[in-house]
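In structure tokens, the next block holds one chain alone, the form predicted on its own.
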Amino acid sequence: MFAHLIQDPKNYVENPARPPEVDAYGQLTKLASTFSDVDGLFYFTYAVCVFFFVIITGVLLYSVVVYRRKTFDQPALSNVTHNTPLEVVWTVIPLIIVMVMFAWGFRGSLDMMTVPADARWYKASAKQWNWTFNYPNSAAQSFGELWLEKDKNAAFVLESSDVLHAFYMPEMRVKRDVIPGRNQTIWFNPTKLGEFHLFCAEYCGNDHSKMYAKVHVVTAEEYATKPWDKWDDANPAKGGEAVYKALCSSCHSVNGTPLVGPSWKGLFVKDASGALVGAQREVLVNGAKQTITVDQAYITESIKSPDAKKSVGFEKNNMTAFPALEDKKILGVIEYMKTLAEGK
């Protein structure tokens, strides 16, 4: 269930949401929404599997011991090859059990897609390898973090701009594929305050395990302050670092190591006077190499239209465009890049 964190333990460092709490049986994360039917079906299926495993294994072991061949020339104890009543029984009973599971699961799936009339609508946009959230009655967006109000029905329009993803929140008991070219919907009612995990549950590329978002369930009073729209103008580099972790860390390192894209370290350097200036970079413009100086215009263009000037050596790699990223957040990213300069 939490293979994403096993594959990439750094997620817990960069996204320090609380560790998941398990239920009384140690099987599922504690339920934090109203979808209790998911747990009921899980434990019903679990009990059926345990019951039949014990029965079948018991009969098998009994037969092996009691009906074993005691001498080499011992004839078979029975030549019966067919028993119609028995075959009907072991066909009909599993069929009934499987149909119960199907009906139970289908009802739960319909519940997750039948949105209540009073639900508050959000949009969750998936792209390799991050999440972007739009809020009702707010022009602001959040990246890699989502805020919801406790005990308030939350409905989502799900969209993908590239490949197949999945909206998966174990503690809320919801999972829905996010399909390119098609809007999906899902809803739930968060019943506990705290921080929760949102994963992509469909393999979507090399950094699938890093496609994570932290979900904050808060009180009505805190939600009314629009925490997703807060920005520290006095310390834009801090906000820029948060944007980096949410949107850029899967493709760009800050330690000089090239990933899918070039590292951010060294984009700004100190000149002879000690002032921070943009470094020189080789890029491709319409297939021709050019040397440019890194500045605000170049970084803004690279964020909003990354194909305009691709760094030499990374021309075959595709970067996700963020045309809607606010100017203040772009400036914050630039300020964060400056903190990566040697000796800064």
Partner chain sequence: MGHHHVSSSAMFFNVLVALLILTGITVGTSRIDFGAANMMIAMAIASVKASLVMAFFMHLKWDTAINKIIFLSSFLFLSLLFIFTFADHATRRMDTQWHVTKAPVDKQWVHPSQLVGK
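Positions refer to the first chain, counted from 1. Remember, it's a predicted structure, so these values are computed and weren't measured experimentally. So that the term is clear: the rigid core is the largest set of C-alpha atoms that superpose within 1.5 Å between two forms.
Form predicted together with its partner chain: not shown, discussed below.
Asker: Honest question, do V115, E159 and R182 all end up within 4.5 Å of its partner chain in the predicted complex by heavy atom distance?
Answerer: Judged in the predicted complex, V115, E159 and R182 all sit within 4.5 Å of its partner chain.
Asker: Within 4.5 Å of its partner chain in the predicted complex, counting heavy atoms only, one of 142-150, 226-234, 116-124, 257-265 shows up; tell me which.
Answerer: Checking each option against the 4.5 Å cut-off leaves 116-124.
Asker: Heavy atom to heavy atom, is Y244 within 4.5 Å of its partner chain in the predicted complex?
Answerer: Close contact is absent here: in the predicted complex, Y244 is far from its partner chain, nothing within 4.5 Å, heavy atoms only.
Asker: Is F188 close to its partner chain in the predicted complex, meaning a heavy atom pair under 4.5 Å apart or at it?
Answerer: Although its partner chain is absent here, F188 would stay clear of it in the predicted complex, with no heavy atoms inside 4.5 Å.
Asker: In the predicted complex, is there a heavy atom of its partner chain that lies within 4.5 Å of any heavy atom of T219, even though the partner is absent here?
Answerer: Output for T219 is no: heavy atoms all beyond 4.5 Å of its partner chain.
Asker: Wondering, does N134 line up within 4.5 Å of its partner chain in the predicted complex on heavy atoms?
Answerer: So N134 counts as contacting its partner chain.
Asker: After superposing the rigid core, is the C-alpha displacement of S109 2 Å or more between the shown form and the other one?
Answerer: Yes, the C-alpha position differs by at least 2 Å between the shown form and the other one.
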